[in-house]
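The data below hold one chain only, encoded as structure tokens and taken in the form predicted on its own.
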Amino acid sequence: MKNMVEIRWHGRGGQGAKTAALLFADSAMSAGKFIQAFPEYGPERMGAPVQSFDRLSNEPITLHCGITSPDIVAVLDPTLMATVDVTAGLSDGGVIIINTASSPAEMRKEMGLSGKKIFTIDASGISKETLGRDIPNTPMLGALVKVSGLLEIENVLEDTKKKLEKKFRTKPELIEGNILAIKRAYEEVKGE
């Protein structure tokens, strides 16, 4: 891992971008990494564009500002790309992970991108199958773990399960569905 990795999550209110960033950060902290995780939003409502961020390092993080040059961008809602420049600040070697049923090649062509690594995962489809509704955050977490290689999937699954057991102790089907969603996305994400 380079000294510090910065990740920007793009989603809409209610899709779980903030939760995904926090779950990723909690797993990183459990793995002994130094982390920061924070959302950026104002008076947004359900469906409004939101951003969340993660910083990950093997050393203490002394930077305390927004992320303008992410190494990785995760897009939970591809319709945002019509109005939000999700690639802003992303370097040529940067990585973008998009929730879509389209292939990485199709997205590269549609976005007119070159020099960036593009990964796609049908996170919405996975969440509908595993949770019964379109909440793409945990599948996107699984895709990020695979693509980034920053954390071990077994540790993320174990840590996330513990967090979800606290929140959904009376809804075991949500715990199981989210864990399955992470596993499936980890296995199904495609890139170029």
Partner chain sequence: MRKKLAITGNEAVAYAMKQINPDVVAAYPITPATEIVQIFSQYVADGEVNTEFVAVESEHSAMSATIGASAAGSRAMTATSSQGLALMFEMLYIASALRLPIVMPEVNRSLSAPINIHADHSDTMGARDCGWLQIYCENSQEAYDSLIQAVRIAEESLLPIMVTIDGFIISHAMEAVDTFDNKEVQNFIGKYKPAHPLLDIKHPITIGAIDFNDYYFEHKRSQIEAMNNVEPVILKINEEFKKSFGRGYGLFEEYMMQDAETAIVVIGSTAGTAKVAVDNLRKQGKKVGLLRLRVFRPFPAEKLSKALSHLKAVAVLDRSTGMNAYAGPVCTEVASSLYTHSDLPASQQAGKKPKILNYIYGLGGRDIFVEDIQKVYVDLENVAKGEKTEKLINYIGVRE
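Positions refer to the first chain, counted from 1. The shown structure was predicted, so the numbers you read here are calculated from the model rather than taken from an experiment.
The discussion below concerns the form predicted together with the partner chain, not included here.
Residues placing heavy atoms within 4.5 Å of the partner chain in the model of the complex fall in a single listed stretch, namely 57-65, out of 57-65, 132-140, 119-127, 146-154. The three marked residues, Ala25, Met29 and Pro39, each reach the partner chain in the model of the complex, with a heavy atom inside 4.5 Å. Remark: Leu164 does not count among the residues lining the partner chain in the model of the complex, judged by a heavy atom distance of 4.5 Å or less.
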